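In the form predicted alone, a lone chain appears below as structure tokens.
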Amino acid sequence: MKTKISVIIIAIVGISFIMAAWPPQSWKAPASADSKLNPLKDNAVATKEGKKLYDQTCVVCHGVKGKGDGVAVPGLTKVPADHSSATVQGQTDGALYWKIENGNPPMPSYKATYLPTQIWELVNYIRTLAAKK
């Protein structure tokens, strides 16, 4: 009997966690962010530096391939974005910059952590995570 109750409690807690994260919350940058142009667009060196930053900071939540499946996911209140998805890749560089700069809990703001150049480097690297067809 104790085993059945334990299984039921675990199931309820698991379902509650899933439902708290569903449906995914829409997070949009302000329209003004769309006009911000990436000064490092198509810069291979900047993209390489962006990967280093991504590996240091973003992988824990977004995962190695940016799928939103990092090791920290079970402890988060929201599911991280899938950086390879059409939803993320369809945003402007300026919108991605704004999101990295400002954050959206549990994702922190990186305004005080990274220089603007470093945020653009992250944007460049995120572009490399586009889902392969």
Ligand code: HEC
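Given the structure is predicted, the values throughout are model-derived calculations rather than measurements. In case it trips you up, residue 1 is the first one in the sequence shown, and so on.
What follows is about the form predicted in complex with the named molecule, which we do not show.
When contacts are judged by a 4.5 Å heavy atom cut-off, Gln91 counts as touching the named molecule in the model of the complex.
Interface membership of Cys58, defined by any non-hydrogen atom within 4.5 Å of the named molecule in the model of the complex, is confirmed.
In the model of the complex, the named molecule stays beyond 4.5 Å of every heavy atom belonging to Val64. The closest heavy atom approach of Asn102 to the named molecule in the model of the complex falls outside 4.5 Å. Residues of 69-95 placing a heavy atom within 4.5 Å of the named molecule in the model of the complex, in sequence order: Leu76, Lys78, Val79, Pro80, Ala81, His83, Val88, Gln91.
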